[in-house]
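Just the one chain here, laid out as structure tokens, in the form predicted on its own.
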């Protein structure tokens, strides 16, 4: 997995590309979220548009990110969830845990000022 990030209106946007399968992927995402929190950024959108696949460890990484942000008075939202990932979230019932939006812009706008 490759991970790039940007910021828009005080919201951090993470763009993972490839497969989220655990191992080093977990460390990369975990470190990035803690970096945001240390810098006072507590609103994060993960753009899932370039994620080809995710296994159970990948889902655990997302849950861990959500928990980390919520424990620090923050929030994590998903955008551009592909069909494969959408069905994975539905099967695992995580679709009720994560807020998902059709676009990064919609996700960014959903945060209260």
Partner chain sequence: MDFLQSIITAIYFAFGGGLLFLAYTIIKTRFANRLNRITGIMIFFAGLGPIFIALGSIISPNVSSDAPFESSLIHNLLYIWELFFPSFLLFSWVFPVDRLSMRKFWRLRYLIFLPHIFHILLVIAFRNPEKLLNFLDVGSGEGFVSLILGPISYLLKFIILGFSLLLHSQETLFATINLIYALTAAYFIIRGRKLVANILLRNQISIIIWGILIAIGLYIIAFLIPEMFSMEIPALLQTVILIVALLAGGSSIGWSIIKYQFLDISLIVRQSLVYTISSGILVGLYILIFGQIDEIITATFGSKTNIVNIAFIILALVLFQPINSQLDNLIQKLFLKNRTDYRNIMEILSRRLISVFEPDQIRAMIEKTLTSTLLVEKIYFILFDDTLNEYALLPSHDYPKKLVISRDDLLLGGVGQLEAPSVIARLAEYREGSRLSEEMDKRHIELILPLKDANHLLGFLALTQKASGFRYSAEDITMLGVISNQLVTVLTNSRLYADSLEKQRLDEEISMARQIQLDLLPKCPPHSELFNICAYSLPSRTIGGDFYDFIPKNDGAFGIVIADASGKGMPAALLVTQIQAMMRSEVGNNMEISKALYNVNRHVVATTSAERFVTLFYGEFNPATLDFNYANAGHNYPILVRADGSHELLTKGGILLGAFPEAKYDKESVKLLKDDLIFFYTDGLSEAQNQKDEEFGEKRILEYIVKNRERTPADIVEGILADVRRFDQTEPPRDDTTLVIMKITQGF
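Residue numbers count along the first chain shown, from 1. Please read these numbers as outputs of a predicted model, since none were measured by experiment.
Just so it is clear, the following notes concern the form predicted in complex with its partner chain, a form of the same protein that is not shown.
With the partner omitted here, the residue from 39, 64, 72, 27 that has a non-hydrogen atom within 4.5 angstroms of its partner chain in the predicted bound form is 64. Its partner chain is not shown here, and in the predicted bound form it never comes within 4.5 Å of any heavy atom of residue 100. Taking the partner from the other structure, its partner chain in the predicted bound form has a heavy atom within 4.5 Å of a heavy atom of residue 84. Under a 4.5 angstroms non-hydrogen atom cutoff, its partner chain in the predicted bound form lacks residue 9 among its neighbouring residues. For residue 56, a non-hydrogen atom is located within 4.5 Å of its partner chain in the predicted bound form, even though that partner is not displayed. Contact annotation for 92 to 107: residues with any non-hydrogen atom within 4.5 angstroms of its partner chain in the predicted bound form are 92, 93, 94, 96, 97, listed in sequence order.
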